[in-house]
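Before any questions on binding or motion, here is one chain by itself as structure tokens, the form predicted on its own.
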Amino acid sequence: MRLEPIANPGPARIYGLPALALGATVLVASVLALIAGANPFATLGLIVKGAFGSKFATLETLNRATPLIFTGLAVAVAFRAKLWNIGAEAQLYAGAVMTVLIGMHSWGAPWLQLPVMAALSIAAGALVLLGPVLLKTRFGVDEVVTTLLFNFIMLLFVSYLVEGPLKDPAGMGWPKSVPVAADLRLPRIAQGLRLHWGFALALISALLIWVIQTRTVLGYQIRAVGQNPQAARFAGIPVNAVLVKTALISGGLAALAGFSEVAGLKGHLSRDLSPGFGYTGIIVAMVALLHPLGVVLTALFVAGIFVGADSMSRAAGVPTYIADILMAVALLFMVLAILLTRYRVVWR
């Protein structure tokens, strides 16, 4: 058995195999529900109802999808250039830390300070990824290792901050930072709802990334470097410079996830601000085939599974861990689908 490259895969292979992967994921979910002693159709129905069955459920799903859109975009941009950014979690926390530092005191009009908070959060996330990329371009250090290690470094740094310099003196129980000033919180999209303008910012970011990738020279350079860096260099494309620009965009997008969670939803920084949004962003990007608009749909799908699984667990008594298993299975099936899109199996 060997793998043979496919020069020009057809639409059926490009879109059919990923669709088949998603179908296989649903099949696995049904089997897991049966093992747990529940009706698989009823279980899947409860997940859908828990995610989109009411106004409250839908808004919770959109809130949960917001950071996933940002981290999914961050991973998709980086992976498109074959820059393996596994550190979106660290970049998210860098953006959250900067949001608290700038937003814990009001020093100007909110319409001015909020954009400054967002811009400096983007810069913080970009700088976190810039280090590993410079190590890669200058010394050939594997960015998978360095970006992954930064996740643990940043989490320990956040622990130090929320238990030390930024600790809320009025906080009770789990350590958290001083809150962001009330007038510097992202406004709600509608009065009385939890959905904030961070979701709109995520949609705008996805559209902007799509425009960059498909309508600009930088987007062409990113695709060229990702497909063949040697050929791109031979064609005169500054490969290292493109990787640095890609890193700045990717790190900044992940940092916006931290900014939106602190300024839009939580109001403060804590160790559990992210339940793994940076890692889940990898799944979102891969299932979306690294397409920025596909990231939005996939993030809604993933967020719906997690929100719906919580509701399903209470109604059917099925463990919520089924959602984590589904995400892992979806990623494995999608990676296999991408592989079979580019290669055919030859049995000889």
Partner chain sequence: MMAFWDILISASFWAAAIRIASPLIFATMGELICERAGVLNLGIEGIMVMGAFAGWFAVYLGLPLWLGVAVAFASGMVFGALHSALTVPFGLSQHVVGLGITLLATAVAAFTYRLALPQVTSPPRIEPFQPWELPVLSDIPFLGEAVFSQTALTYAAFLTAFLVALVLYRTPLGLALRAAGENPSAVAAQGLSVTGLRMGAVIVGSGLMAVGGAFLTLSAFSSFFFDMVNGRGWICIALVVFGAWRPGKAVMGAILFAAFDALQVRLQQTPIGAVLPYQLFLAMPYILSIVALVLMSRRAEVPQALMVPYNKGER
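All of these numbers come straight from a predicted model, not from anything done at the bench. The term rigid core refers to the maximal set of C-alpha atoms that superpose within 1.5 Å between the two forms. Residue numbers count along the first chain shown, from 1.
The next section is about a form of this same protein that is not shown, the form predicted together with the partner chain.
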If we define contact as a non-hydrogen atom of the residue within 4.5 angstroms of the partner, is residue 279 a contact of the partner chain in the predicted complex? yes
In the predicted complex, does residue 36 have a heavy atom within 4.5 Å of the partner chain? yes
Close approach of residue 45 to the partner chain in the predicted complex, 4.5 Å, heavy atom: no
Does any part of residue 144 reach within 4.5 Å of the partner chain in the predicted complex? Heavy atoms only, please. yes
So which stretch, 49 to 57, 297 to 305, 62 to 70, 279 to 287, is the one near the partner chain in the predicted complex (non-hydrogen atoms, 4.5 Å)? 279 to 287
Joint contact, 14, 210 and 224 to the partner chain in the predicted complex, by non-hydrogen atom at 4.5 Å: no
Residue among 201, 148, 218, 116 with a heavy atom within 4.5 Å of the partner chain in the predicted complex: 148
Select from 123 to 141 the residues with a non-hydrogen atom within 4.5 Å of the partner chain in the predicted complex and write them out in sequence order. 135, 138, 139, 141
Does the distance between the two CA positions of residue 340 reach 2 Å or more between the shown form and the other one, the core being superposed? yes
